[in-house]
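First, one chain by itself in structure tokens, the form predicted alone.
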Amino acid sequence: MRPLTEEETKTLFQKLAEYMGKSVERLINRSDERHCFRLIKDRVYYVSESVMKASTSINKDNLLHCGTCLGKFTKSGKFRLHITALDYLAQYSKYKVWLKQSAEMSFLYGNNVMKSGLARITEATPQYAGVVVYNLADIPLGFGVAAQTTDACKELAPTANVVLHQADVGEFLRGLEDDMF
């Protein structure tokens, strides 16, 4: 377990800023306890400093996880968010999308969100912005990238993509957790 390098931190913050905007600062400067980011085997963990200090007594070969896994760095150096980061993305997300009940299962099976399944979308959502996907009961289901702006969504055909799927809570059920952990 080691701290992130400056380049890794920059890449991580750029990815988180796509979904959270300037609220990324709130992840580190929390009112309850200071938190930090640590790297274990190409995976980035968000962990409180007290837990991090306690984990230093564990041999690094025996330490599998510590804190919440936000994602991993690919071999090309890019950062990919995992569904385990959804709790933090949902708290501080800048742009949100709500699905109709008929489109929930389709999204949870890994499909993109079509206009016919869109219930609401945050005003002024730009194209290719990171969005968190909710159901109508305000339960976060996953996240993705806005394929169209809010204004463009009004004129789209019902079968046009509005949100490009990135991750959803159904990944646990589909058995994709081998890639996650």
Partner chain sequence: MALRKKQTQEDREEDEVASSTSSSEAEREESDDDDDDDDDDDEKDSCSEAGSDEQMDGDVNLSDDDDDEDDDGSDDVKEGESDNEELEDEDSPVDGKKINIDNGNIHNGGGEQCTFDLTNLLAFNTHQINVAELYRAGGGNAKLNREDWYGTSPTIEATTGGPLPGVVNESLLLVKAAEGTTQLLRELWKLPTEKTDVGSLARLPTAAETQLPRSLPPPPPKQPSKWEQFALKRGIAPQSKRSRKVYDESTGEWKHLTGSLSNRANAGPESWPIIEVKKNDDPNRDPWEKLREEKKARVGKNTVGRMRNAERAGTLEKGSANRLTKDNARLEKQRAMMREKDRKRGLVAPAGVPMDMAKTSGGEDGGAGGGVAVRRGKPSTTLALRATQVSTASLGRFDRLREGEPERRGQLSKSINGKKRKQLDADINGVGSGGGTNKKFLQSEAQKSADILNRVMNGSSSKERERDVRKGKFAKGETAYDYEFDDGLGGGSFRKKKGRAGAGKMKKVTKKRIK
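Everything numeric here is computed off the predicted structure, so don't read it as measured data. Numbering follows the first chain given and starts at 1.
Missing here is the form predicted in complex with its partner chain; even so, the following discussion is about that form.
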Proximity to its partner chain in the model of the complex, single hit among T150, T68, N112, S116 (heavy atom within 4.5 Å): N112
Position in contact with its partner chain when the complex is considered in the model of the complex, options D138, E123, E49, D42, heavy atoms within 4.5 Å: E49
Is L164 close to its partner chain in the model of the complex, meaning a heavy atom pair under 4.5 Å apart or at it? yes
With the cut-off set at 4.5 Å between non-hydrogen atoms, does E18 touch its partner chain in the model of the complex? yes
If you check in the model of the complex, is K53 within 4.5 Å of its partner chain, heavy atoms only? yes
Should Q14 be counted as a contact of its partner chain in the model of the complex, where contact means heavy atoms within 4.5 Å? yes
May I ask whether D87, K100 and L108 each come within 4.5 Å of its partner chain in the model of the complex, counting any non-hydrogen atom? no
Output the sequence-ordered list of residues from 1-19 with at least one heavy atom within 4.5 Å of its partner chain in the model of the complex. M1, R2, P3, T5, E6, E7, T9, K10, T11, F13, Q14, K15, A17, E18
